[in-house]
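What follows is a single chain, given as structure tokens, in the form predicted on its own.
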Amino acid sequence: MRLKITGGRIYDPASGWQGEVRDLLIEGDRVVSRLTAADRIIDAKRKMVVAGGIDLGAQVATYGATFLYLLNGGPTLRELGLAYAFLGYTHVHEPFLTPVTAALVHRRLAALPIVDVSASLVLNLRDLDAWLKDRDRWGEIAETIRFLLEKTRSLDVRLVEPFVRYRQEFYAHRNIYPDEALDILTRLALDHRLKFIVQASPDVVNASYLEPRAFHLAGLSQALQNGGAGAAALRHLDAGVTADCGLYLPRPDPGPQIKVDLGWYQPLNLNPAIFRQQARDALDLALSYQGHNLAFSAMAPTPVREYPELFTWLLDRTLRQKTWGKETAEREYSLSDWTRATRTLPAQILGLTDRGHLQPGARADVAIYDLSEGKKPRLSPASLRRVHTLIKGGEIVIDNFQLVKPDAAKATYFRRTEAQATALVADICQYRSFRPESLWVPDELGGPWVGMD
């Protein structure tokens, strides 16, 4: 299909477009610079035109999520996919896939309609402890990581616990504390062309040095547990480390605690209490940092339906003050700031080079929102809740607020490495009741698959 979107205000930080009124041309599944004729012209006057949204931390398929949704009364996977589409999102990224849960996670991701999907492979450094201290084995570690990425159909590597810690005194000599682990991981990443997503914690945020080329910090707001953590987080961002920061609605009594054993030192809590001060600290951090290295992400237990209110806190200080009072920061995110945090930077972090921008050659994932015109254009809470038009891969999915293509094509993105099995892979698989090699993800489980180099 050939589409011409005319008269809209285009926001694309990657192109330097900050609301200029211009046309956007689409042919097939790509944005193009020229179009001889259009099958349809979309009038976007008094509307905002941006790339499709990308959620860096959508816990839609985490092991245990089904029980959480049943306990809380939904939403279903179909409802989640539709909710993301109506908010203007075209890609969601699951943060917690492990070698043992890969098949289950991909089954759930495949059942999510409309939006493209991907996942992070979470490694337990305890599986690598004897090798991490031996620099001569780092090449084998890197090859092992690449092998596991492809076998589990994952897009990147995430470390929830960047340390090795044993409860048994007998194994204490194998412990690796966070500072040492981050130093080893930095050198491993730089020597072997890797990059790690590290789940933020007080230990990580308070580390004296993080190499921007080696790390992305995920869930930064979870690490704000003392007075100095916010300042330390800002120092890392100013030094060039990218991060994502979720916002919370306070939830001091969320109901039963749901903790899932994923083979880590601590279980993953899917339904934690969120106190007002935690939510406030996360908001203050998001408003304090004014550079280009901070993306927005989901935070468990934040459901997608809460995004419009959270975005409103960033975009409109008057509406923010109704929740938090007048003592909050005066700063408001510009529409370019919001676009960068929800589109441009997430695409860069995931390596989706043809997403998150609207330059010619980009995939035609486009969201069009109504704008409130005044002294300056604004996104109202109502327009944030329901996108006017959503185009995915050049196909119109939502038209004039109505879903017109519920069976829109989607795909699962993973890292294609062609790495070979190593002795370390055999060692990791040897002493397990559930053998990871029996749970690796075949073509018929999930997809359609798109391998990225």
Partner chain sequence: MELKESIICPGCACLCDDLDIILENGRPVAIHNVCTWGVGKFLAEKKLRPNKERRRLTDPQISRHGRAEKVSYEAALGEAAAILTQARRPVIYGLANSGAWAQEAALALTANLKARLEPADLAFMAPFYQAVQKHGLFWAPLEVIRDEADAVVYWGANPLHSCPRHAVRYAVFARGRFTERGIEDRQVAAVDIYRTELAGICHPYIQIDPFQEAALAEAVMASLNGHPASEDAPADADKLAAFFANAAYGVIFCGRGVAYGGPQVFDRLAALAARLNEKKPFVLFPLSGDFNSAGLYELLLRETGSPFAPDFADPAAPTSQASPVDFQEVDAVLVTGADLLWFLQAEQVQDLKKRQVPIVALSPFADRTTAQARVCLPVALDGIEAAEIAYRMDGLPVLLRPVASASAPPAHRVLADLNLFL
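The structure displayed is predicted, hence computed values, not measured ones. Residue numbers count along the first chain shown, from 1.
The form predicted in complex with the partner chain is left out here; the points below concern that form.
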Give a yes or no on whether each residue among Arg108, Ala111 and Glu437 has a heavy atom within 4.5 Å of the partner chain in the predicted bound form. yes
Does the partner chain come within 4.5 Å of any heavy atom of Arg126 in the predicted bound form? yes
Quick one: is Phe401 in contact with the partner chain in the predicted bound form, heavy atoms, 4.5 Å cut-off? no
According to a 4.5 angstroms non-hydrogen atom cut-off, is Arg235 in contact with the partner chain in the predicted bound form? no
Would you check, heavy atoms only and a 4.5 Å threshold, whether Tyr69 touches the partner chain in the predicted bound form? yes
Note: the partner chain not shown here; in the predicted bound form, the stretch from 305 to 313, 87 to 95, 253 to 261, 200 to 208 having heavy atoms within 4.5 Å of it is 253 to 261
Note which of Ser154, Ser221, Thr101, Thr339 lies within 4.5 Å of the partner chain in the predicted bound form, where distance is taken over heavy atoms; exactly one does. Thr101
Contact assignment for the partner chain in the predicted bound form, among Trp324, Tyr177, Phe275, Tyr166, heavy atom within 4.5 Å: Tyr166
